[in-house]
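One chain comes next, on its own, written as structure tokens: the form predicted on its own.
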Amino acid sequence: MVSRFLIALALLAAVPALAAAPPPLEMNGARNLDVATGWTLFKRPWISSPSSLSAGGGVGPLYDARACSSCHIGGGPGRVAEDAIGEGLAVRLGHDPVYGDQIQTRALPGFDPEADVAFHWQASNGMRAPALDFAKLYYGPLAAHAALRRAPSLFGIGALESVPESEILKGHGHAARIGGVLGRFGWKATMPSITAQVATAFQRDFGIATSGLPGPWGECTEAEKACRAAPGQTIELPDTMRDYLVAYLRSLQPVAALREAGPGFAVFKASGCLACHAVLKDAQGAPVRAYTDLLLHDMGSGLDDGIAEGDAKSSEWRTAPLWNLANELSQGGLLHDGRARSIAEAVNWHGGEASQARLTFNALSPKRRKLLESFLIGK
């Protein structure tokens, strides 16, 4: 208990004050101390070797960001900027033999990043979609599809992790499996747990090794020889620090508590949205009103980015939770790349299995549509 408290105080002193308030730090609560320590790690900017991780370990050599909070603004989603790929947006790949699964846009001194890349919005069916602009690829041409992905909101993910697998499998969607375990996190349901999600983020975004994904070179492939030859440790982030961060993430509550009541919910239900945006129950039988079945669904050609991940086809996406929509809209947009500037735009990108729900939404009267949208943003 004492050592955990001292770690929390030391990290708090090292992290600059930010807008989001920290969780309560209670002297007599071991769990609260774990959460508070995790909060400081979430805000902390990671540095290159030598660092306070383990001897010779640190961020890089190639990376996309230095802090969890720089991509997940205040615990929420990444900010969708105009034309610039900053922290909070990433370029996902369909597993390139040279570049791996994600483009790393930053590098330590003495190393080349993987690419100089931006994006622009292009009109599509009266809406918008991002198109990537590669000014330079430092390790040769791409051999895989590339697409923009936005860091998702983290609020409420602890509640989603608490839903039993048997409850999720009651739905009618495609269940993703990772080594036999049900996937429930990530845009394509490729992560089975928050711990696995943290390990992947440290590897792809920071170039920091964990016990889940060991190796000091982050996501660098064997073709990126200078990165692979850089000094480092097989495991750089200790499991204890990882677990503090996971404790903090599990503590995050949803921004808006949507209820199964009121005229807006009635329109939502009548429109058929509950077929995928379902209310699940946790192990105690309490409702988790995230409005997601945590399963994959084919969303049609409009949202097909050419990238298959794990069990998910390129047109399949995990049903997105709806309890943080106002927060996501305030940071630039909805959907996996922030393309939708309104709820109506997001719905109108729904195709495939969701085509009928889109048609029903567009047939609503202005009054009923307003009721539905007010419900979804927590008003």
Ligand code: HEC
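Residue numbers run from 1 along the displayed sequence. Nothing here was measured: the structure is a model prediction, and the numbers come from that model.
Below, we refer to the form predicted together with heme C (HEC), which is not included among the displayed structures.
Handout entry: Contacting member of 245, 280, 209, 159, with respect to heme C (HEC) in the model of the complex [4.5 Å, heavy atom]
Key = Result of the distance check: 245.
Handout entry: The single option of 33, 59, 347, 312 touching heme C (HEC) in the model of the complex, heavy atom within 4.5 Å
Key = It is 347.
Practice task
From the candidate stretches 198 to 206, 121 to 129, 138 to 146, 228 to 236, select the single one in contact with heme C (HEC) in the model of the complex, where contact means a heavy atom within 4.5 Å.
Solution key: Comparing against heme C (HEC) in the model of the complex, the contact stretch is 198 to 206.
Handout entry: Contact test in the model of the complex: residue 86 vs heme C (HEC), heavy atoms, 4.5 Å
Key = Although heme C (HEC) is absent here, residue 86 would touch it in the model of the complex, with heavy atoms inside 4.5 Å.
Practice task
Report whether the minimum heavy atom distance between residue 168 and heme C (HEC) in the model of the complex is within 4.5 Å.
Solution key: Judged by the heavy-atom cut-off of 4.5 Å, residue 168 is well away from heme C (HEC) in the model of the complex.
Exercise for the section: Check whether residue 90 has any heavy atom within 4.5 Å of a heavy atom of heme C (HEC) in the model of the complex, and answer yes or no. Expected result: So residue 90 counts as contacting heme C (HEC).
Exercise for the section: Although heme C (HEC) is absent from this view, report whether residue 290 comes within 4.5 Å of it in the model of the complex, heavy atoms only. Expected result: So residue 290 does not count as contacting heme C (HEC).
Handout entry: Residues from 317 to 332 in contact with heme C (HEC) (non-hydrogen atom within 4.5 Å) in the model of the complex
Key = Those in contact are 317, 318, 319, 320, 321, 322, 325, 328.
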